[in-house]
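One chain comes next, on its own, written out as structure tokens in the form predicted on its own.
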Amino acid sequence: MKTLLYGLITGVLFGFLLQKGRVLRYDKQLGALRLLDLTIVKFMLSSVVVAMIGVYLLVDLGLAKLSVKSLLLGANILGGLLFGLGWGLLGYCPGTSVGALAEGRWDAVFGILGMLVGAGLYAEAFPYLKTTVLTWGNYGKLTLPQLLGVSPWVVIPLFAAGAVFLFRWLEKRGL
């Protein structure tokens, strides 16, 4: 129960930050898709950096266990294409569609319903996918630190520094 409460609190906080960062707005979504306004990219990259630090800190303190999923190229490529198609058609990604609905934008309901239908179709197709797409390019449970043979605390500062460099570069170009 305590874990669910933590999930609820962090989810509400993340939704609040999505709203305050104005990434729920359609113009921001369209700007990201057209590579003209990268506010969403900067927001998500910031989230990744914070999550990297937080997750590995919790793991090192023994408060969490890292559960790495297998790297499946077929699944990632097909999933990425479907995700991009849905985002392009709807104008919201899954997280922002829920946030947009919370702000009262009823057009997001169609995307949420589409996600639920898609999840159901995936569940029905899973036995077939398990023997086809989900076997293509299976590299096992792999992380970047494992691949490089270094501590995560070597990769994290380099990734964070790269993110800061990218943020500055994007800001200079007005993106």
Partner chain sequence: MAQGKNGGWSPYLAGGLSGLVSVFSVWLAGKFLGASTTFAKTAGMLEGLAAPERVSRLEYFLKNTPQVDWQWMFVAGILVGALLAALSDRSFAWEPLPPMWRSRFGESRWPRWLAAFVGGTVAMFGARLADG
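Positions refer to the first chain, counted from 1. On a predicted model such as this, the values are computed, not experimentally measured, just so you know. So that the term is clear: the rigid core is the largest set of C-alpha atoms that superpose within 1.5 Å between two forms.
Beyond what is shown, the protein has a form predicted together with its partner chain; the following relates to that form.
For the chain shown alone, G137 is not a contact residue for its partner chain in the predicted bound form, no non-hydrogen atom being within 4.5 angstroms. Residue contact check for G21: one or more of its heavy atoms lie within 4.5 Å of its partner chain in the predicted bound form. P152 falls outside the set of residues with a heavy atom inside 4.5 Å of its partner chain in the predicted bound form.
Proximity of Q146 to its partner chain in the predicted bound form: non-hydrogen atoms within 4.5 Å are absent; the residue sits far from the partner. Although its partner chain is not shown here, in the predicted bound form the stretch 60 to 99 places heavy atoms of L63, A64, K65, L66, S67, K69, A75, N76, L78, G79, G80, L82, F83, L85, G86, W87, L89, L90, Y92, P94, G95, S97, V98, G99 within 4.5 Å of it, in sequence order.
Residue displacement note: I9 has its CA displaced by at least 2 Å between the shown form and the other one (rigid core superposed).
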